[in-house]
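The C-alpha cells that follow cover one protein chain in two forms, given apart as structure 1 and structure 2.
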Structure 1
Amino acid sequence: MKKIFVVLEGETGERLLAAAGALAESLGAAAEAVVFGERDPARCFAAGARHVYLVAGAEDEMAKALSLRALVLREKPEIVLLPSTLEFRTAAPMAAAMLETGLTADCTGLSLTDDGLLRQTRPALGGSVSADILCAAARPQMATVQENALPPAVPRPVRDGTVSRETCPAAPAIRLLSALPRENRGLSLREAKVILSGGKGVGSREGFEKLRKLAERIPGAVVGASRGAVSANLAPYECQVGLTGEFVRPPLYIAFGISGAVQHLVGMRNSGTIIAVNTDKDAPIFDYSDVAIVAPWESVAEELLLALQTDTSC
C-alpha cells in the first residue's frame, strides 16, 4: 500500500496529519506519523495515522534529516509532509537533498491532481499570488506546511494502529554544550485567542511594551509583530506573523501601525475578526479588515487600556 509520512514533534502536526488522512483516502494510501520525541500514539491514531514511528536519539536538525532519510529509503512513502517550524525549515531541505528529491516550503494548501500527484500550494512573489507546484518525477514528494493555514483537525474516535520504535542512524552532528531556557512568555501565537500585532508604526520597544500591558488585560491575548518591526529590532522573531513567521487564525486580530505588506497579510488574513489601526486611510491592511480605525495607534491602545483597567469584569 502507498504511504504518506507526516512528521510530528512537540504539539505540532495534528492538523497536518488530519489533512494527510484525507489525501490518503483519495489516494488509496495509509497516513503514517513519524514522531521525534515522545507522544501518545493514540493522539496520532485519532488524527488519522495507521502507524506511528517513534524516533529516539535525533537531537539536532541533521540527525532528524538522517533519521527521516533512513525511514524513507526503507518504507518508500509517496509523500512526506512536515510542519513549517523553525527546526524543520532546516531539517527538511537537508533530507530532501539527501533523497535527491524536491521540496516545496511553507505550503498553505494541499490537494491531489486527477492523476494522483500532490498539488502543493504556496504563496509566491511576496504573497501576491498563490503557486501550485508539482513534483512529477522524483520521489517522495516533500513539502513543509504552515499548519495554521489548514483547517482544525476534526476529532474522530480513537482507532487502533501499530507502533514501531526507531533509533537515529548516526550520532548527532552537533554537541550541546549548554542551554539557556527561553523566558516563559505564556501563550504562543498559535494558541492565542486574541493577537495584538504591532508594525514599524509602533516605533519603539516601549511601544511594544504598551501592547504587552494591553495583552495582559485581555484573556488569551498575546503580542504579535510584522516583519518590519522584527527587522527593526522592536520585537523578537518569535512574535513575527507572516510569510516568514507564523501563520495565525485567532478569533480576533488587532493590527496597530501595520500598513499591510502582502507577506504579513498572508499570515493573518484567515483570522476571525480583523481590526486595523493606522493613520494612513489608504493603508492596504484596511482592505482586509472588518473594522478600520484611522487614528494614531497609541491613542487607541491607551483608550483600550484605560477601559480595561476600569472594567473589573476583565
Structure 2
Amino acid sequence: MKKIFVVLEGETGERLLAAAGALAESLGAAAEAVVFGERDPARCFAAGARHVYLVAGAEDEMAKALSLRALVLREKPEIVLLPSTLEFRTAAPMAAAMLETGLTADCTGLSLTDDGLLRQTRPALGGSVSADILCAAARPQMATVQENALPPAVPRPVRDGTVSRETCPAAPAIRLLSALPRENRGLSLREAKVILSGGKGVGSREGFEKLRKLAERIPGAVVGASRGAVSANLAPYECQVGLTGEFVRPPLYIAFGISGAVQHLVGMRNSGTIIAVNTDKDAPIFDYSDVAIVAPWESVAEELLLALQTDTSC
C-alpha cells in the first residue's frame, strides 16, 4: 500500500495529519505519522494515522534529516509532509537533498491531480499569486506545510493503528551547550487565542515591551510582529507573522502600526476578528480589518492596559 508520511513536532500537527488522511483516502494510501520525541500514539490514530514511527535520539536538524532519510529509504512513502517550523525548514531541505528529490517550501494548499500527483500550492512572487508545483519524476514528493493555512479536514480515526520505535542512525552533529529562553515563552503563535502584533510603526523595543505587558494581561495572548519590525530589530524572528514567518489564525488578531503588505496579510488574514490600529487612514491593512482604529498605537495600547488594570472582575 502507498504511504503518506506526516512529520509531527510538538503539540501541533493534527490538522496536517487530517489533511494527509483525506489525500490518502483519494490515493488509496495510508497516512503515517513520524514523531520526533514522544507523543501519545492514540492522538495520531484519532487524527488518521495508520502507523506511528516514534523516533528517539534525533536531537538536531541534521539528525532529524538523517532519520527521515533512513525511514524513507526503508518505507518508500509516495509523499512526505512536514510542518513549516523553524526546525523543519532546515531539516526538510537536508533530507530532500540526501534523497535526491524536490521540496516545496511553505505550502498553503495540498490536493491531488487527476494523475494522483501531489499538487503543492504556495504563494509566489511575494504572495501576489498562488503557484501549483508538481514533482513528477523523483520520489518522494516532499513539502513543508503552513498547517494553519490549510482548511480544517475531518479526521478519519483509525482503530487498529500500529506503532514502531525507531532510533536515529547517527549521533547528533551539533552538541547543545546551553539554552536561552525564547522571548515568546509559553504559548506559540500557532496556539495563541489572541495575537497582539506590532509593526515598524511601534518604533522601539520599549514599544514591544508594552505590547508584551498587554499580552500578559490577556489570557491566551502572545506578541507577534511584521517583518518590518523584525528587520528593524524591534522583535525576534520567532514572532514574525507572514509569508516568511508563521501563518496564524487566532480568534483575535490586533495589528499595531502594521501597514498591511501582501506578505504580512497572507499569514494572518484567516484570523477570526482583525483589529488594526494605524495613524494612516489609507493603510492597506484596514481593507482586511473588521475594526479599523485610526490613531497612534501608543494611545490605544495605553487605554487597553488601563482598562485591563482596573477590570478585576474576571
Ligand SMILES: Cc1cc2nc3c(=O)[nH]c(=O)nc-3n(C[C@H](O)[C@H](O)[C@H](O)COP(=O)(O)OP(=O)(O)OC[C@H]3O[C@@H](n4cnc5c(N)ncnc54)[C@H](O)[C@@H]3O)c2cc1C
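Rigid core (definition): largest C-alpha set, two forms, superposition within 1.5 Å. For residue numbers, the reference is structure 1: its sequence is counted from 1. Note that the coordinates shown come from a computational prediction; the quantities given were computed from them, not determined experimentally.
Here the form predicted alone appears as structure 1, and structure 2 shows the other form of the same chain.
Annotation: Cα of Glu303 displaced by at least 2 Å between structures 1 and 2, core superposition.
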